[in-house]
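Take a look at this single chain in structure tokens; it is the form predicted on its own.
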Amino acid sequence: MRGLKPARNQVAQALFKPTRFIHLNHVVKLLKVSADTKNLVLGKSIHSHLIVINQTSLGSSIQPLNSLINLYVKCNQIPAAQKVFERMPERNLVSWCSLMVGYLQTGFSLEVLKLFKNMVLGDGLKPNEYVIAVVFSACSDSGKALEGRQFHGFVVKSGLAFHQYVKNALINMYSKFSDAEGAMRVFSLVPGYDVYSYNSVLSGLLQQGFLNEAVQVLDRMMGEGVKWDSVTYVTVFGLCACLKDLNLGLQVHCRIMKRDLELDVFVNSAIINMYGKCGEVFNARKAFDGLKVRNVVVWTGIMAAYFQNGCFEEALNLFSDMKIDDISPNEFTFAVMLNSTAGLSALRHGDVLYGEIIKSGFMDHVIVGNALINMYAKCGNIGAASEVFSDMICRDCITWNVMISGYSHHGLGKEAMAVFHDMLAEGESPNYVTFVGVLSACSHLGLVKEGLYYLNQFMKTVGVEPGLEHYTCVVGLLSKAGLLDEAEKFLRSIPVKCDVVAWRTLLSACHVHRNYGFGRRIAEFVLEMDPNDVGTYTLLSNIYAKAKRWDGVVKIRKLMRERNVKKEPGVSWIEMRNVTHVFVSDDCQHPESIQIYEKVKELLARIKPLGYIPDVAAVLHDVEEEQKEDYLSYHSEKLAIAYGLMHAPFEAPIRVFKNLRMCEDCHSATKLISKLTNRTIIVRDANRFHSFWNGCCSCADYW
């Protein structure tokens, strides 16, 4: 009794006086105090006292028993509330509604539906708007769409559909069922709106991607002058982020500042997210720096903003700052950090994060497992990615997609297809992203018939509409099989507009299959589409050089100068003991450049007896053969590989990353270097991963 206020002490003293006459109002008030403060000990004492001194007379009164149900519900003692309910000689709507709320709040939504049926059919009571709102919430929480729609019909017949509580519950239910049309029908046809109605409709439309409809609802809300709450601001900023509408986002932010509103952490996070998605990292950081109090949600939001805009190092630096601020990361923080690490291909940093995740106890979170698989796959350690995948207890569609895509990107088509078949066996429905990985795997394996089956039949069976990425994969599939004419016909017949990437896939195949005449025609077509596409100029130059058409090479270079198109210099990098070493072709800036050049020279000399012949045809200069060999010898990837062989432990694979496509000479040389040194060498270029071992490459010499 120590925690009660003086006025309430009087009620308590009156209750525990040795008399049989206790005023029911005192009992009800004291039970309400117990429920509001969740003081279960006091509540049980009152319950016991009622049973001992006045069970018979109080048993005939509904009000104190309803208060007892309310007490046990708020104290999360649903079995006790159920016992009181079952022993009541008489019940009213409050009795039923209180117990329904208890079951709803504890996740037993189906019990709510059973109670409602018993109330109507057993006790013959007519529900009011509060009971109906609870039942609609139970339908939405339990995913009972059919029952929800049936109950909607019951409500319309009973005339209760016009109550604001009921309308809001209906909108919320249809939104959770992903039925935007149903939510909009209720919103438009039933008169009367409040901020909760608008929030429910806006949130439902946003979650399902009906962005234009959401903008229309927002315009209507503004026109009617409805006062916004924090949920409205979070939803509207989310809408701005999805639309990437910076102008609208700035207007909403100005609205907040003009009204001098006190913002909670969710609104602040939404503002940072909006600026991040709209590409305004500076504004996101400004909003972040202006916060007096920052929790893990806000820290994760600003890290995500940097990550989404390719500022991976800045995101990782913020992680250190957050720990200095004594804020513990959550599963979303780790996911952002791992994906930022993947963007930098910083494998050592990823290993450190993995250790922190295990220590922090977040390993069982699906979002963390997915990010780990992605990080290891993009950092070149597909074996570690596979181990994480195998150890995951729970998986979602993203888990399967990341593993399939990871295997495909590494050229491991068989493994990718095996995971896909396991996915189907587990009953997981493939989506748009799944089939990009599957068709890519078919391309690696040369499975033309299977790939066309997945595109033309299986995707339609599972309800996935083919898109540009799928068609581009099929172009790669046909091209790798040498079916260049069929690939061109396919490109010209598909129902979506092809981009430069799809046509350049065909052009690259012309280069690999040495069909130079076909390639020149495709290249000219691509340059008409995009006169500034650097990749096409490079491939066309290579085609002319292979055919020893030096006049063509000169023509392309002149054209590039006239159009101010500049080829990005080839850069390769390798991570060694937490330090990233960057190399440019013929670069002498590295502190160990003399030793590195000697190592390259030694390696090339030792692989010549194994069959290495410098591919001088790839040199885009009409110079002497000896000079051409010098041009080839010190490409950036050769320098990085040599440095790796000089310093990496013998059992460790060499992992090199390059910003451009790997040239044919470096590819041939690396195959033989892997055989000579008995080392696994993994090179990720602009197209894919190449895993070299014992003189072979995972790409089977097609990339």
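Sequential numbering from 1, following the sequence displayed. Bear in mind that the values here come from a model prediction, so they are computed numbers and not experimental data.
Keep in mind that the form predicted in complex with the DNA is not shown, yet the notes after this line are about it.
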Handout entry: is_contact(Phe187, the DNA) in the predicted bound form, heavy atom dist at most 4.5 Å
Key = no
Practice task
Indicate whether Tyr432 is a 4.5 Å heavy atom neighbour of the DNA in the predicted bound form.
Solution key: yes
Exercise for the section: Check whether Asp530 has any heavy atom within 4.5 Å of a heavy atom of the DNA in the predicted bound form, and answer yes or no. Expected result: no
Problem - the DNA contact in the predicted bound form: Gln208, any heavy atom under 4.5 Å - result: no
Exercise for the section: Have a look at Ser585, Asn283, Ser386, Asn339 for me and say which one sits with a heavy atom within 4.5 Å of the DNA in the predicted bound form. Expected result: Asn339
Problem - Option touching the DNA, based on a heavy atom within 4.5 Å in the predicted bound form, out of Phe85, Phe108, Tyr165, Tyr193 - result: Tyr165
Practice task
Choose one stretch from 290-298, 606-614, 568-576, 108-116: the one whose residues place a heavy atom within 4.5 angstroms of the DNA in the predicted bound form.
Solution key: 290-298
Handout entry: Contact test, all of Val265, Ala335 and Asn401, partner the DNA in the predicted bound form, heavy atom 4.5 Å
Key = yes
Handout entry: Residues from 195-227 in contact with the DNA (non-hydrogen atom within 4.5 Å) in the predicted bound form
Key = Tyr196, Asn199, Ser200, Ser203, Gln207
